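We begin with a single chain expressed as structure tokens, specifically the form predicted alone.
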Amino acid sequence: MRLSPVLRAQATYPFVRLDEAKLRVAERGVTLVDFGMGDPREKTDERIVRALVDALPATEGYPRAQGLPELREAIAAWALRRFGVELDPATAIVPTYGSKEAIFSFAQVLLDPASGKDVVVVTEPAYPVPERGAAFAGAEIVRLPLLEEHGFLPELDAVADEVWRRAAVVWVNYPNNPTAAVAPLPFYERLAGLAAEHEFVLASDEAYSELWFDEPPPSALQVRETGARVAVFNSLSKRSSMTGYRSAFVAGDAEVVAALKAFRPNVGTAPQEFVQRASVVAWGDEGHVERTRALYGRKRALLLGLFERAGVRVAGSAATMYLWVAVPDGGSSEAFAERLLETGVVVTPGSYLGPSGEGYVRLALVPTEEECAVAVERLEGLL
């Protein structure tokens, strides 16, 4: 059977390989403590669940691509509280069926090879969806490495002018998966200046914006008045432990949002109305988010203590649910992950996430506090 050449060229999704290795260890009777995949396991707040249940009887018909006005208003109110940014609910926000599908399809909306806009810029190591979506859209992909010596920020000065001119979309993701780095506001200002000059869209995946430990990170929404076209993607999956709900939004430039509203009915990916009504409650409440941050903070402290005692360097932990840990003695990330897996502790090799991830492993702080304590006990004498 003939398949898309882009699909044929896709490597095995890294977590499939990880799952296969986990299965081999589990078959030996080893209980796994799984820090591998960033899928929150905390319970969704009861008020959110109740809002969804209450909305079920009133739900009928296909959900519309533009989303419920109440949800767009709740998102706008949250953005104003959180970032001091005013968004017009009618023109600057579109709810999405989670952020993954919106990120994947974004290049299809903006790529224009006939006008010379045929490049999508991504960073690596990274969540692979922006790059894979760009590949399926037929874009030429330019990868910018995230290196520790540069604070895991891309070197914007190292990018050729031709790349900026041909770029349709430039993707960034802060707080960053996998490095846990936070981008300062001047970084967004610099990138917005380039976006305005070269007429590309600054696309910012901010799914982890609410999982921070010291200071709340800024948003690319804060530079949207610079003349740049900015599109910010945010989600309730991590903030509110609502992965199964598939509820997110894109906000920013009105022209980009209008294009998304024209595109999205073709693919039928609007969130169900009962999910949207539950999402109104989620965006309107910060109490459950504060409790979630505190829980991740306690788990983070357990692991940071272990690595400090063992003399293992944690290269990134400022935000997100991840720890980005340097492999001792500069060894192979996959070999180090395999060594930990023998004890039943699952981590993700950084090399799975991009070439610049070699030399690191990623831990997602999704096991329970009790499981984290078990992992610390198992690893105490191994590291």
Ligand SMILES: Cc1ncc(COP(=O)(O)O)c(C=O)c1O
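So that there is no doubt, residue numbering starts at 1 and follows the sequence shown. Remember, predicted model here, so these are calculated numbers, not experimental data.
Same protein, other form: the form predicted in complex with the named molecule, not shown, and the subject of what follows.
By the 4.5 Å heavy atom rule, the three marked residues Asn177, Asp205 and Tyr208 all count as contacting the named molecule in the model of the complex.
Heavy atoms within 4.5 Å of the named molecule in the model of the complex belong, among the stretches 293-301, 233-241, 269-277, 77-85, to residues of 233-241.
With the partner omitted from this view, the residue of Arg229, Arg246, His288, Lys117 that lies near the named molecule in the model of the complex is Arg246 [heavy atom within 4.5 Å]. Residue-level contacts in the model of the complex: of Arg132, Arg224, Arg166, Lys100, one residue has a heavy atom within 4.5 Å of the named molecule, and it is Lys100.
None of the heavy atoms of Ser219 is located within 4.5 Å of the named molecule in the model of the complex. The named molecule in the model of the complex comes within 4.5 Å of no heavy atom belonging to Phe35.
At a distance threshold of 4.5 angstroms between non-hydrogen atoms, Thr123 is out of contact with the named molecule in the model of the complex. Interface membership of Tyr127, defined by any non-hydrogen atom within 4.5 Å of the named molecule in the model of the complex, is confirmed. Shown here without the named molecule, the chain has only Asn173 in 148-174 lying with a heavy atom within 4.5 Å of that partner in the model of the complex.
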